[in-house]
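Take a look at this single chain, the form predicted on its own, given in structure tokens.
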Amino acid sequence: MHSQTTCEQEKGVNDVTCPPTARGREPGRALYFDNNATTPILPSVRAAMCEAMETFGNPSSVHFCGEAAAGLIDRARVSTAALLRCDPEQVVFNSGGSEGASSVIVGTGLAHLRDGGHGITSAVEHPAVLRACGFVRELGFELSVLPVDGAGRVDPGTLQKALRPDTRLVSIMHANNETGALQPLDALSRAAREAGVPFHCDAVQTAGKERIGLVEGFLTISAHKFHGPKGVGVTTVRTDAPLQKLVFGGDQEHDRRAGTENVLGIVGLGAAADAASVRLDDPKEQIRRGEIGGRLRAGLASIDGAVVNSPAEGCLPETVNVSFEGLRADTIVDVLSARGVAASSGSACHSAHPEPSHVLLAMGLSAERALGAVRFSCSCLTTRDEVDEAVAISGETVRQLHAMWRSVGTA
């Protein structure tokens, strides 16, 4: 049964504070707009995890302490299956999205090591997928990397043409982590299914935000992207395709991933899944979600020199990727951070490396525009006032940086 927790009941969870920095800034309330990187844990999730701390048994033990821990995992498995619309037996708990992608992609490659074959992915995937595909290619497999259009989407016809008799796996994300662009998941997964090829969907950015269409293959999510704890995720397995497991030991998780389960993390994931299911079934919350995203997009687009990179249609409203003419994203993000606004220059995995985003380059953007791209991302906890304040601070920051560069140029 889903918890009847709504966003309104999760009061105070977004009261994030800015830590002191080397600049000597005093702690104060933060405006957090980097939810695609991670989200704050909901109070209901925290409460469930704290209660679960009393149950310390090993879930594999056959005595009553182990049975109690196993029961917590079973309940979380049911909650997760309800969110993802699959059978509980198809849910495999792991450490998160990166492990999930590796387990599917590398596991498929190892299962076909003797007969070889071919894999397909897209040019805008998360590094966890692209690097796993690169590793499998080093094992001797061929790899097709599909191009995207200006909105960052794969044409299903392009996928159909790339499929071969020896294609072992197609791996394409649901929503892009940098731009929020949604892929035509139903058409893509259908093309793979009709060709008899397993389909892997990286749904890390859409779990808890969008209802995910049925994927006859593999789906991976991570709890901390929808207000659960870090270090725990899920792979759903809806196929009998061969898959070599990567972690050996016991026969936990239907003998697909060995190791004593992270009971506290799994409980937190289950509680976050319950809360997410309530939000997805709440029409008012879905309307509010669209309004918040639209308000953020319109506000950022009104700033002088701003160009929005996220597509206007077929996009997560929570995510707005915007470039600012003549400015570098790393500079903007640094100044915004000093002013209490947390945004990102792209994927959290690459934010420390000021190179043009491979996603934006694949969409046809210039390197200069890609280097100026800042990602703002909301959550179900983001308020209208927070959006307005973040937009105002961002606009003032951009104006001041432009003025500074102009004065330097005329000096």
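None of the values given here were measured: they were computed from a predicted structure. Residue positions are given as counts along the sequence shown, with the first one as 1.
Keep in mind that the form predicted together with a further copy of the same chain is not shown, yet the notes after this line are about it.
Enquirer: With a cut-off of 4.5 Å between heavy atoms, is residue 63 one of the residues that contacts a further copy of the same chain in the predicted complex?
Expert: Judged by the heavy-atom cut-off of 4.5 Å, residue 63 is in contact with a further copy of the same chain in the predicted complex.
Enquirer: I'd like to know whether residue 383 contacts a further copy of the same chain in the predicted complex, with contact meaning heavy atoms within 4.5 angstroms.
Expert: Taking the distances in the predicted complex, the answer for residue 383 is no, it never comes within 4.5 Å of a further copy of the same chain.
Enquirer: Residue-level contact is defined here as any heavy atom of the residue lying within 4.5 Å of a further copy of the same chain in the predicted complex; does residue 334 satisfy this criterion?
Expert: Although a further copy of the same chain is absent here, residue 334 would touch it in the predicted complex, with heavy atoms inside 4.5 Å.
Enquirer: Is there a heavy atom of residue 259 lying 4.5 Å or less from a heavy atom of a further copy of the same chain in the predicted complex?
Expert: Contact check for residue 259: yes, within 4.5 Å of a further copy of the same chain in the predicted complex.
Enquirer: Candidate spot 37, 50 and 102, all three in 4.5 Å heavy atom range of a further copy of the same chain in the predicted complex?
Expert: All three within 4.5 Å in the predicted complex.
Enquirer: In the predicted complex, which of the stretches 77 to 85, 293 to 301, 262 to 270, 191 to 199 has residues with heavy atoms within 4.5 Å of a further copy of the same chain?
Expert: It is 262 to 270 that comes within 4.5 Å of the partner.
Enquirer: Which of these residues, 143, 312, 139, 287, gets a heavy atom within 4.5 Å of a further copy of the same chain in the predicted complex?
Expert: Spelling it out, the residue with a heavy atom inside the cut-off is 139.
Enquirer: Taking 4.5 Å between heavy atoms as the contact cutoff, choose which of 217, 229, 119, 208 touches a further copy of the same chain in the predicted complex.
Expert: Only one listed residue qualifies here, and that residue is 229.
Enquirer: Does any residue in 113 to 131 get within 4.5 Å of a further copy of the same chain in the predicted complex, counting heavy atoms only, and if so which ones?
Expert: 113, 114, 127, 128, 131, in sequence order.
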